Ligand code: MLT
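What follows is one chain in structure tokens, specifically the form predicted on its own.
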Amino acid sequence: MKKIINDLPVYLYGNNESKTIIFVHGFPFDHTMWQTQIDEFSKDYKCVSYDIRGLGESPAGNGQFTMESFVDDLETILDELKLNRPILCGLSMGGYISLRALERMQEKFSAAILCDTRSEADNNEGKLKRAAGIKRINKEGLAPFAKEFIANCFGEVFKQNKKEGLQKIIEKSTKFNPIGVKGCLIAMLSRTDTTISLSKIKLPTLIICGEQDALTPPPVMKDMFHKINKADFVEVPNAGHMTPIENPQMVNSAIRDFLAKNKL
């Protein structure tokens, strides 16, 4: 079922009476990146996904986004749907949103799943790379930026064996509003550092990282894992930054084991 909440398309699957998992996608993708997980977990859980503002079918508006405004959107969805302490699952930029949400309102969740993300804010080099991305989109249009950026998100196994699937993902993202994509880049380069709050996370937490992830490599995510109480770490073989797409069976198994272990 699709609902519009605060202008954002929100998708609901599964049994309304079951425990909820809310999925927050990465950049520059949309809610469909979680489809394999939703197909699996909607059998036993209520699953919620949505398009982050500026991406997918969500409006771009003026593109003046911040990480705070993204967390505001997430909170509005929680409140409008009256979700009772859902499990929060975010990847990459969705992980940035999730980490800030945990810092602001941890009490609204029962567990966290953080995939291929980091707690550190961009350093100066990272900020300049985001700025260069905005400049490139302004100069060349969205397609060249999206093609290069998305290709770097995937590991070599997927790029070699799933060329047609990768091309479809790239083509979909090139159709997003460039204003929204640039707004997301601004939100990411200006985000706060949440590292200091990792030790304050009291919820069961699962950290998932692709072994070939070049953007948030395993050593970075293991460092984050060691700072969180009650955390589990799973390294996903044959996967880069987009573990739920590249090795969905392994990701689903890791999530299933985590939920069972914590009786969620």
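Counting begins at 1, following the sequence as shown. Since this is a predicted model, take the numbers as computed values, not measurements.
One more form of this protein exists, namely the form predicted together with the named molecule; it is left out here, but the text below deals with it.
Enquirer: Which one of L74, L99, C89, M93 is close to the named molecule in the predicted complex, taking close to mean a heavy atom within 4.5 Å?
Expert: Of the candidates L74, L99, C89, M93, M93 is the one lying within 4.5 Å of the named molecule in the predicted complex.
Enquirer: Name the residue from F176, F149, F158, F109 that puts a heavy atom within 4.5 Å of the named molecule in the predicted complex.
Expert: It is F149.
Enquirer: So in the predicted complex, does any heavy atom of F27 sit within 4.5 Å of the named molecule?
Expert: Yes - in the predicted complex, heavy atoms of F27 and the named molecule come within 4.5 Å of each other.
Enquirer: Might L215 be said to contact the named molecule in the predicted complex, defining contact as any heavy atom within 4.5 Å?
Expert: So L215 counts as contacting the named molecule.
Enquirer: Is there a non-hydrogen atom of M188 within 4.5 angstroms of a non-hydrogen atom of the named molecule in the predicted complex?
Expert: It does: once the named molecule is placed as it appears in the predicted complex, M188 has a heavy atom within 4.5 Å of it.
Enquirer: Report whether the minimum heavy atom distance between K182 and the named molecule in the predicted complex is within 4.5 Å.
Expert: Contact with the named molecule, no.
Enquirer: Under the 4.5 Å heavy atom criterion, name the residues of 225-264 that approach the named molecule in the predicted complex, in sequence order.
Expert: Sequence-ordered list has one entry, H241.
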